[in-house]
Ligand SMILES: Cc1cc2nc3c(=O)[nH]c(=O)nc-3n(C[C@H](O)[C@H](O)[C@H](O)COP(=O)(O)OP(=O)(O)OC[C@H]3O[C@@H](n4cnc5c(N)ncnc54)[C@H](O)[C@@H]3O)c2cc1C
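A single chain, nothing else alongside it, follows as structure tokens in the form predicted alone.
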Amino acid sequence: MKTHREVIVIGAGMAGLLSAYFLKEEGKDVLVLEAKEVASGQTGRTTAKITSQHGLKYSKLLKDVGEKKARLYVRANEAAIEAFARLVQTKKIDCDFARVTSYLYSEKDMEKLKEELEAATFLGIEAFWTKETELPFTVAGAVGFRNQAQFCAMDFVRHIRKELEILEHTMVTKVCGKKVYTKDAVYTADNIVVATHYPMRNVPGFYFLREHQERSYVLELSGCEKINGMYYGIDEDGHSFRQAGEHILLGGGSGRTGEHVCGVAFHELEMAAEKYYPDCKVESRWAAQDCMPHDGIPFIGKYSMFTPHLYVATGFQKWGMTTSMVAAMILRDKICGRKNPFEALYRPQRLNFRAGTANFLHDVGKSIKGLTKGWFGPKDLRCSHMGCGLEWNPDEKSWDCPCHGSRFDENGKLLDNPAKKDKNIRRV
């Protein structure tokens, strides 16, 4: 196998695969390197919503970054929905792609919902107010976004991967200049895309200071009455609902990685499922992990000003499918030397002080606490990323890092990055 490519993409999740797919369409010689299996990370755990409706997003964006950037965010995500639709139709991909309405709902807070409706309408989104939903309980109100979408992400991935050259079980250990190091080989590329969910290099870029990770939990339920829309609760204890074939995906229990120390996340979801759907059966359960940037906007573009041939896509929050498409379109255009209308909004080197300062200070405090525990705690419970003290997660029987979100199984085998090495842990 040749070791030089025009583009090497590190990470075979949705962002990496779409980036590679579009670059290959442009005639680029592309190789994808994946540490485990294709879509074995967050793409395999997604609830597969393709939507510009991202929680209470637009009222906050208008306040924090202004109208111009908020409109760009709308346009980017609406463009991503259309790009998925075109790709599915053009390539005849059988992945249960369907246009649906996406709802924000609350059982008690109408004021925040109406503020979001006003912001969304102002920004040109086809949004509406309703109190009528398909949910098995009464809501105070809901805001609907029309013409959103959902699909089976794994069926979509199975199709597009056929046209790509991918090396699985090939962990990248280091990127230096135009060289990509793995355990068994060194590759070179004109351009390198880091699509590893959480960036693998601490310096330059300093992404460990600019985002944290959160986990959220999902139950797949059978025996429930079908729903047509997608629903996302804005209340502190709210849940998400989506129809997936014959089953409903019930999500909730979001919290910072490393802080689920009580072992109740899945139990609380099970209690909710029993309350909402007394005759349901839990078919499967899983958790997803999301990178949360301080200013609420993902990082897509040049990894840093000092690495002209290195690119990154991270900080997708809880909207990884839509943002993966946004990332793929931006990275394709940048590598091909074209201007993209959304690149400035997502530029990793931006500074949005008003939007991000409070979250930055909060994260710094969490990191200092975690590092202090690591310095003074047992050596085998120090994260192999930067040495923070690990916390036991009884829901998933894992050791989780509250600083930057690395996770290890009970014996120290690496589960989630940014750490790159296993640990030797001999305790529970």
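All of these numbers come straight from a predicted model, not from anything done at the bench. So that there is no doubt, residue numbering starts at 1 and follows the sequence shown.
Although not depicted, the form predicted together with this ligand is the subject of the following passage.
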Exercise for the section: Using a 4.5 Å heavy atom cut-off, state whether W319 contacts this ligand in the model of the complex. Expected result: yes
Problem - Distance check, N393 to this ligand in the model of the complex, heavy atom within 4.5 Å - result: no
Practice task
Using a 4.5 Å heavy atom cut-off, state whether N191 contacts this ligand in the model of the complex.
Solution key: no
Handout entry: E34: touches this ligand in the model of the complex, heavy atom cutoff 4.5 angstroms
Key = yes
Fill in the blank from the handout: Only hit among E116, D333, E270, D290 for heavy atom within 4.5 Å of this ligand in the model of the complex is D290
Exercise for the section: Given that the partner is absent here, state which listed stretch (219-227, 293-301, 88-96, 167-175) has heavy atoms within 4.5 Å of this ligand in the model of the complex. Expected result: 167-175
Handout entry: Residues in 173-204 close to this ligand in the model of the complex, defined by a heavy atom within 4.5 Å, in order
Key = A195, T196, H197, M200
